[in-house]
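One chain comes next, on its own, written as structure tokens: the form predicted alone.
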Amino acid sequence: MTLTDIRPTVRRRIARLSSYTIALIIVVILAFIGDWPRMGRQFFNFEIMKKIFPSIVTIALRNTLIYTVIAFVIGTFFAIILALMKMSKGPAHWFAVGFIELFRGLPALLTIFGCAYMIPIAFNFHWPSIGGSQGVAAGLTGLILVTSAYNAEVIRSGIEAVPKGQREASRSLGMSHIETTVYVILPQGVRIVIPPLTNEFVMLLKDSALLFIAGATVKTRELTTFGRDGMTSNMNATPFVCAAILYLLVTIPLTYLVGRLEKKMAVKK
């Protein structure tokens, strides 16, 4: 019997078991060659952990989640508008195309940097202060711009995936173009793009780490800034490790949720 004679499900199980075995071997090798006492002092110092808890949760993690939700909600709202503009004709179409291509093409870090420093200098503009920091508003604006550009393409693909017969049936019932879009096409399109939008939310959660470049106060720090400041003040990487663990505690369940949603949508199709 050759490998090609084995059923696909069995092949996937064998591949998964092989990857787990290799990962376990690597972990065992590292366990033997690693300097664990030194690693414990530098990365898992319990005295430093006691100093940064619960602030890393009540301030840093809370701010990270708040910034992510705000940028995602506002960005998705503008993304719907941009998606509809791109699907239209005339100047609105070209504006949407230019906006989406610009902010999808630029790294998120450069977008946040431009909002935080280039716009205030070029236009003598001052961002509103949030928690004593203007960087929060600037950074959030950058994340919203990036989110709206990426989500616009996701939403557009969802709208275009709705069967054309739905639109034709709605128009035959006497519904206007706007009513058809709002009450028939958008609800179905949004349902289709829930899994990829959830994935974009996970990506945005990690991109919130880029807000450090805009500056923050003690009360407005997100996880990455909190970990960086803690590492600098304690001359130890434990705060960064704790921040990484908190990121994983949020992103892993969300990633699992994305996988479940994608499987559920695939079954319904």
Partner chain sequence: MSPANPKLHERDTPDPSAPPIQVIGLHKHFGTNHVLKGIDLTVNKGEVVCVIGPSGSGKSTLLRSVNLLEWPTGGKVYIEGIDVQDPDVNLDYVRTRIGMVFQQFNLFPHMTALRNTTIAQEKVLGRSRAEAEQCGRDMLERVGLEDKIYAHPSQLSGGQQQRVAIARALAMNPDMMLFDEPTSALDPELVGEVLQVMRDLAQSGMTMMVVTHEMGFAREVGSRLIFMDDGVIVEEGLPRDVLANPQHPRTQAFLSKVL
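Numbering follows the first chain given and starts at 1. Note that the structure is a prediction, hence the values are computed from the model and not measured.
Separately, the form predicted together with its partner chain exists; it is not shown, and the next lines address it.
Colleague: Even though its partner chain is not shown here, does Ser172 get within 4.5 Å of it in the model of the complex, heavy atoms only?
Modeller: Answer yes; at least one heavy atom of Ser172 falls within 4.5 Å of its partner chain in the model of the complex.
Colleague: Does any heavy atom of Pro128 come within 4.5 Å of a heavy atom of its partner chain in the model of the complex?
Modeller: No.
Colleague: Evaluate Tyr117 for contact with its partner chain in the model of the complex, applying a 4.5 angstroms cut-off between non-hydrogen atoms, and reply yes or no.
Modeller: Because no heavy atom of Tyr117 falls inside 4.5 Å of its partner chain in the model of the complex, the answer is no.
Colleague: Does the 4.5 Å heavy atom contact test between Gly105 and its partner chain in the model of the complex come out positive?
Modeller: Close contact is absent here: in the model of the complex, Gly105 is far from its partner chain, nothing within 4.5 Å, heavy atoms only.
Colleague: From the candidate stretches 92 to 100, 186 to 194, 135 to 143, 79 to 87, select the single one in contact with its partner chain in the model of the complex, where contact means a heavy atom within 4.5 Å.
Modeller: Selected stretch: 186 to 194.
Colleague: Could you list the residues in 139 to 169 that come within 4.5 Å of its partner chain in the model of the complex, counting only heavy atoms and keeping sequence order?
Modeller: Heavy-atom contacts within 4.5 Å come from Gly165, Gln166, Glu168, Ala169.
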